[in-house]
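First comes one chain, alone, set out as structure tokens in the form predicted on its own.
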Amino acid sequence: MSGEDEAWFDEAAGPLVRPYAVTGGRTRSDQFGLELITLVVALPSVAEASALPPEYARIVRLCQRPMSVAEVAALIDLPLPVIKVLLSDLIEQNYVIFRRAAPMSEAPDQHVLQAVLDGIRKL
């Protein structure tokens, strides 16, 4: 077997870059405690993002409005741990800010939620 017979992926897949190559070998970044529902938003404009490395620029362009870490991972099409590492880098460099979801202890109680539901039903 030689040449095309040895290819282990089809041509439609395009070039293959391992996720650890994108993050420089780093696999974890728990410094900020980013979760799936953590909201992130970029501070620089799309034009300013062009000076960043390609993966970082894609994230900054995408995050011009707040979105969850899970949405970023899905739209960038990279594994979640890779996105967390890249987002952590951007947060450290003040290109992205984040906001965690409120802890369950701070969530409204059932009476408040029932009052909202009753109000919506009256509409």
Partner chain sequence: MASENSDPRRRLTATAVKLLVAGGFGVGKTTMVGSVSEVPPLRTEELLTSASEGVDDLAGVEAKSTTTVALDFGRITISPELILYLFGTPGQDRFWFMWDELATGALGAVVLADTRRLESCFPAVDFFERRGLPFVVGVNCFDGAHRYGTEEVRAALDVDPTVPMLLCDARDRESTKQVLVTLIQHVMRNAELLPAGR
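No experiment lies behind these values; they were computed from the predicted model shown. Positions refer to the first chain, counted from 1.
The following text describes the form predicted in complex with its partner chain, which does not appear among the structures shown.
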property	result
Contact label in the predicted bound form: Q64 to its partner chain, heavy atom within 4.5 Å	yes
Close approach of L78 to its partner chain in the predicted bound form, 4.5 Å, heavy atom	yes
L52: touches its partner chain in the predicted bound form, heavy atom cutoff 4.5 angstroms	no
F98 within 4.5 Å of its partner chain in the predicted bound form, heavy atoms	yes
